[in-house]
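Okay, so here's just one chain, in structure tokens, the form predicted on its own.
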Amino acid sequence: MTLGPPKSFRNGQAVPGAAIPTVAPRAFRDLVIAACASGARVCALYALPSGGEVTLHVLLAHDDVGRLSMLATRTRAGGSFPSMASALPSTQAMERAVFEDHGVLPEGHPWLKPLRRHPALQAGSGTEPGGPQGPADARRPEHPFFRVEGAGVHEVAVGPVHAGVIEPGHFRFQCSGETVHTLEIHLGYQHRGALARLVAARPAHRTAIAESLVGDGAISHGLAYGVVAEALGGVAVPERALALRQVALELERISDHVGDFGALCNDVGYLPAASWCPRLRGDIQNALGLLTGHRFGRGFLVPGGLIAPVGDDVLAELARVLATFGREFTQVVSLALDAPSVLSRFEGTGVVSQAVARDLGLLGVAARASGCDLDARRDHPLPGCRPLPSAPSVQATGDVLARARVRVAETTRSLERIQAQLAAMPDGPVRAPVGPWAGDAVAVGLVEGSRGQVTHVGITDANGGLAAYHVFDPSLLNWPGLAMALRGQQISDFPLCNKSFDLSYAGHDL
């Protein structure tokens, strides 16, 4: 297949690699900063090594017009480029990843700490990109944990090993008494090399790997991979498959939001909702299992559509389950958010201002609760799908209560959207064949998952084989938001603030 050379493109559209403008490193930095000053967002920044050169790509979202654009620059292997992180804090983690994965130094980066653990490099094997010394070479400044000095200041360390079945993460608090001055979050202990495995896998196995990137985001990540594969293969997904995909995506969102609301109530000791919401989440997970064959939605999606048809009897049962769920969810939420004991703990706790949220590039619930009107379902709808019919729920206060209210509103709207889809479900096939992938091309898949925008980028070689694949889970950008939310808070508020963000360790440690 052949591709045209658009200056900008839409979600799910493949772009020839040669059509991406390439500029000098300093101009690259200046143009990206200028675009963001005009309203664009950085969605991805990654490196592509080739021979003695490394090409950097940045993906920008222009939400007001529903378009995407890309810009590139080149430097020598082991070279450098001007950091954007001081002007655009949302890029700081991406630049750190470029350095430790490829040895290209972001000059002027304010906080060049390791982002993820690389055991082979720490052992001095030099088996990964970045030269004989790898990312942990002598050019990385020393960055010990931040410390606050002064009378009465003390340090509290939590993790990386935690009680319970969660992945490791280290939280270092600097406190005076119970008041937190700073929280530093260190992750990356379980760096899995998942993306390298996805590139090396047989095409038939790649969706399963994408679905496993984040355990409770199997639909959103699997769908983002499908969008990339379909763009490269030039396939139009049948209408029935598009509708059922959206139903599954909204069920996943409801499952995560209901579970989080119950956990928030548990953290403040409000037991009615703490016990009721897990049961309601179980109902939704069972509904997702009814639709997909798996309670987390795995094995349902394939490039081109769905793995198998879904009968109308299944859809009728799904509608019945959701009607009951809606009534019960409304009841439990009204009880919880009318309880003074709940409101007194939620309100004013863990505030993140709109300015900080924008600077950090927060996504999803974390962004919308701080007044940022972002939602990929409206701004960058999936190919063949209509945009979100109404504006997303946005709160202004940026506290735990705002994040709880956004989750409640999104659950209600997701339920309405599913019910509308079920009532007008089109007939027809649920899968179309995917053709050979375009060569020397780049394709982007954006999906609004329960935590925010999931970004997948696939790059092909001259023969249409998968040369590189990059994933940016919203947790990568949202973890610094949690650190900011704890400033000035009581340290006992950490579990509540942490759950109000509900971020993924796995989404950071790809």
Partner chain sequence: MEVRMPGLIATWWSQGRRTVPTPSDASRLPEWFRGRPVLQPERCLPDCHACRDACPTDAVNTSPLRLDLGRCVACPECAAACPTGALTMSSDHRLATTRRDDLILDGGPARLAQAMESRTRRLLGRSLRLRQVSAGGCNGCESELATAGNVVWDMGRFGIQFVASPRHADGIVVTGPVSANMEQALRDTWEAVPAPRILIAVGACAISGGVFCGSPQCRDGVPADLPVDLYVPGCPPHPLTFLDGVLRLLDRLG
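Computed from a prediction, not measured in an experiment: that's the story for all the values here. Residue numbers count along the first chain shown, from 1. Under this definition, the rigid core comprises the largest set of C-alpha atoms superposing within 1.5 Å between the forms.
Only in words, not in the display: the form predicted together with its partner chain, which the text now covers.
Hey, of 355 to 363, 382 to 390, 333 to 341, 435 to 443, which bit sits against its partner chain in the predicted complex at 4.5 Å between non-hydrogen atoms? One stretch meets the cut-off, namely 333 to 341.
Is residue 279 part of the interface with its partner chain in the predicted complex - any heavy atom within 4.5 Å? Close contact exists here: in the predicted complex, residue 279 approaches its partner chain to within 4.5 Å, heavy atoms only.
Taking its partner chain as it sits in the predicted complex, is residue 394 in contact with it (heavy atom to heavy atom, 4.5 Å or less)? Close contact is absent here: in the predicted complex, residue 394 is far from its partner chain, nothing within 4.5 Å, heavy atoms only.
In the predicted complex, is there a heavy atom of its partner chain that lies within 4.5 Å of any heavy atom of residue 167, even though the partner is absent here? Because a heavy atom of residue 167 falls inside 4.5 Å of its partner chain in the predicted complex, the answer is yes.
Against its partner chain in the predicted complex, would residue 456 count as a contact residue? Criterion: heavy atoms within 4.5 Å. No - in the predicted complex, heavy atoms of residue 456 and its partner chain never come within 4.5 Å of each other.
Suppose contact means a heavy atom within 4.5 Å; in the predicted complex, does that hold for all of 29, 145 and 178 with its partner chain? Zero of three within 4.5 Å in the predicted complex.
298, 172, 74, 417 - the one with a heavy atom within 4.5 Å of its partner chain in the predicted complex: Looking at 298, 172, 74, 417 one by one, just 298 meets the 4.5 Å heavy-atom criterion.
Just to confirm, with a 4.5 Å cut-off on non-hydrogen atoms, which of 80, 212, 182, 421 contacts its partner chain in the predicted complex? Spelling it out, the residue with a heavy atom inside the cut-off is 212.
Only counting heavy atoms and a 4.5 Å limit, does any residue of 75 to 91 reach its partner chain in the predicted complex, and if so which ones? Sequence-ordered list is empty.
Large Cα move at residue 151 between this form and the one not shown, threshold 2 Å, rigid core: Not so; residue 151 is displaced by less than 2 Å.
For residue 164, does the CA position differ by 2 Å or more between this form and the one not shown when the superposition is done on the rigid core? Shift at residue 164: 2 Å or more after core fit.
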